[in-house]
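Quick heads-up: it's one chain on its own, the form predicted on its own, in structure tokens.
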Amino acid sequence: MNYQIAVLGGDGIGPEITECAVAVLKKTAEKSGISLQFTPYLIGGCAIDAVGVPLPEETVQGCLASDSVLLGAVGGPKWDGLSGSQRPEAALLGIRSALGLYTNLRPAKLFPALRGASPLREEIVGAGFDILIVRELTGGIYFGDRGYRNGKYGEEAFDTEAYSITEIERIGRAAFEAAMKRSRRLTSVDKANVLETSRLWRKIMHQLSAEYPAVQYNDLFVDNAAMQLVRNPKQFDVIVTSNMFGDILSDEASQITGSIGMLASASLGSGTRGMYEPIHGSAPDIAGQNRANPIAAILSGAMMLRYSFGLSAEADCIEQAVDRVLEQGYRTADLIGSTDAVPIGCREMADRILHAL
């Protein structure tokens, strides 16, 4: 098996953490007898500096020609003065659109070794939890009509939420399929007591539930879901929700795991190609200082093996290696919260994970 991977290091700590992820993927490939070929491309601020645009056409074509994409992070204060369409972050919407990615998978896993880092009490988190949030990525209020108009109290701004049956069906099916591969439990989050789009969302999810009788399904209003995540996160396995609700709930879930530096993500479409990236930002304040946490990028690489290439055993090996290193007490700066932690830098964390493989 031979897979082509486009590597978009981006800005800030992006190149450092993707370098670590590539090293782990290469060693995993060597041990498993598969072939992974990595090709770097420009994206974000570094692309603006080099060629004047945040998403060069060469990058788009390179990603389209690849079997999957590994992304670091984009943005930084250097480019904050640019207009919206020219900012580094605009490249993210552009590449997702070009690749047809509409499903975002965000695991929120609390590793047992990091129980003390969670802001939740130990009796709540227990031995840890493992939640997968499935977020619709290309519809909803972020992509609806918007603007200014004369309203009841004068000038007002508006944003429009809209979802089609097709958009709901495809994200719902992705969530049910994900649940089938895990513990077969799915919670759909909406606001069907208020929003018409949520009532359609719930109707379609119930129809899909009939096609997946093996999945234990339930609905939650978004405000209750936000409360339940901090009250009893272990009750959840897979959560599916809209673009805006997923944006908010996945960030909440990231915080109860102890550090945003631990969380990977996958953006998928109708095919096997996906884009895999840590959910944290470019952290320009620590770029080049060997202080970043590479684990989220490394776990994003594991998600690539699992979801794009069907290499679950190899993905398991990476995740288990990360778990072993954490159990040994090694911590990057964002994870140090106890006196017995062994502080290490970005490159040494990657080296420890490579050794654990």
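Residue positions are given as counts along the sequence shown, with the first one as 1. Predicted model only: the values in this text are computed from it and were never measured.
One more form of this protein exists, namely the form predicted together with a small molecule; it is left out here, but the text below deals with it.
Undergrad: Considering non-hydrogen atoms and a 4.5 Å limit, which listed residue (247, 169, 219, 130) is close to the small molecule in the predicted bound form?
TA: Spelling it out, the residue with a heavy atom inside the cut-off is 247.
Undergrad: If the cut-off is 4.5 angstroms on heavy atoms, which of these, 234, 206, 96, 173, is the one near the small molecule in the predicted bound form?
TA: The residue from 234, 206, 96, 173 that makes the contact is 96.
Undergrad: What stretch, of 86-94, 180-188, 154-162, 197-205, brings heavy atoms to within 4.5 Å of the small molecule in the predicted bound form?
TA: Only one stretch qualifies here: 86-94.
Undergrad: Do residue 109 and the small molecule come within 4.5 Å of each other in the predicted bound form, heavy atoms counted?
TA: The answer is no: residue 109 has no heavy atom within 4.5 Å of the small molecule.
Undergrad: Residue 279 near the small molecule in the predicted bound form, any heavy atom under 4.5 Å?
TA: Answer yes; at least one heavy atom of residue 279 falls within 4.5 Å of the small molecule in the predicted bound form.
Undergrad: Using 4.5 Å between non-hydrogen atoms, is residue 142 touching the small molecule in the predicted bound form?
TA: So residue 142 counts as contacting the small molecule.
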